[in-house]
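What follows is a single chain, given as structure tokens, in the form predicted on its own.
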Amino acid sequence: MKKYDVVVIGGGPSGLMASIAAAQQGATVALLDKGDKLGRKLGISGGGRCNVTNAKEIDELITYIPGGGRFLHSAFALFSNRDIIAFFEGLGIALKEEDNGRMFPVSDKAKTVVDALIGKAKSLGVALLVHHPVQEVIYKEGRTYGVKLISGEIVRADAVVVATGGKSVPHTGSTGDGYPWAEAAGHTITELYPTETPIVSKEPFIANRELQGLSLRNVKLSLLDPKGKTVVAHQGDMIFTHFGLSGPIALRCSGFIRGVKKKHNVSQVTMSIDLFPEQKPGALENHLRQLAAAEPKKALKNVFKGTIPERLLPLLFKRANLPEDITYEHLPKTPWQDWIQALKNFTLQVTGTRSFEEAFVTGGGVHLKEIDPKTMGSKLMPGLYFCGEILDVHGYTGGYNITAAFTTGYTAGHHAGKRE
């Protein structure tokens, strides 16, 4: 029977960082992973370039982690996004800042980051054990005792860090293995759901693929409750697909759909697209009137096709109750209000989101009230720690989730590795 001070289960970003932080405390550490290589999910993050963190100030960064962001204040005090940047630069990885604070390796290769983490762990003497699937975490006499592998082998440890991830992107190994181990220790697992995932709609124009592949730039997408109140709204880019909506702002709104449906007991909810978020209705009407008045005999669909996405025009005319070939000189006065309404509030009904297979992130997880935010240690089972996506913490894409993974991983490993 092997014995270590700390066993870390899971070789993703939080697990790798936890093993490094524990070893830096002088602990003997084993990192166990069921797969054939470490950092698989990390290797495909950021489109294969690995968005290692985000450079925003902490208070602002936390607002981009809508699920449990405030829980991370103590962890950020120990190991912040600035510390993440310094950590990788200390390993010789030059980083660059791109739009919205996203930090990437200058190499533009996730492999650079994965290799650096593995290399650092090896240099600290961490036993990196792949093909070591864990069957259970063992608890004896009210504390953590070690782990049992599927092979039947027992690995003793004074502290176990569970960094097995959530259920999103399961082909990388994130299949929810850690939840039963947490429950066996008495922990609550809040409802799991896919987030940062495409949105599904059964609108006829979606089903008919009228807009499939149409990208919209710098629009505002809002999720509304049944009373028409905005629950969440994001401005940026999106795309229509054969099943609904995708793209950055759709992904950011996706995690809130389940909550609205559940709270109001409805099967679908309303989303609204503002095609001109920078312009107030009156200013937009004046602008379009000027364009139309300059060519009064020309069909409005031809006048506006340079200003409004051409593939959207038939739907917009239909919603404004206007024939597509109408000209400005034949345009009644009243439909202008309907026309502007269609542009500023293009609504559609959505039924939910795509599955965990297409989600970037898992919502839900180990209940945060049962975790010490200063250590990531269990309040219920001494010697047990959690980090990364298994926790009920989730953020938007853009370097926020990986930041949470690294900071919780470092915090868990640092405290698990402390010698009494």
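The structure displayed is predicted, hence computed values, not measured ones. Throughout, we count residues from 1 along the sequence that is shown.
Another form, the form predicted together with a small molecule, is not on view; read the next lines as being about it.
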item	value
Segment that reaches the small molecule in the model of the complex - one of 66 to 74, 363 to 371, 347 to 355, 383 to 391, heavy atoms within 4.5 Å	383 to 391
The unique member of V134, I93, A233, A292 whose heavy atoms fall within 4.5 Å of the small molecule in the model of the complex	V134
One residue of V269, V169, L312, I138 in contact with the small molecule, assessed in the model of the complex (non-hydrogen atom, 4.5 angstroms)	V169
Contact at A30, G125 and G417 by the small molecule in the model of the complex, all three, heavy atom at most 4.5 Å	no
is_contact(G46, the small molecule) in the model of the complex, heavy atom dist at most 4.5 Å	yes
V160: touches the small molecule in the model of the complex, heavy atom cutoff 4.5 angstroms	no
Partner proximity in the model of the complex: Q25 to the small molecule, non-hydrogen atom cutoff 4.5 Å	no
Proximity of T411 to the small molecule in the model of the complex, heavy atoms at 4.5 Å	no
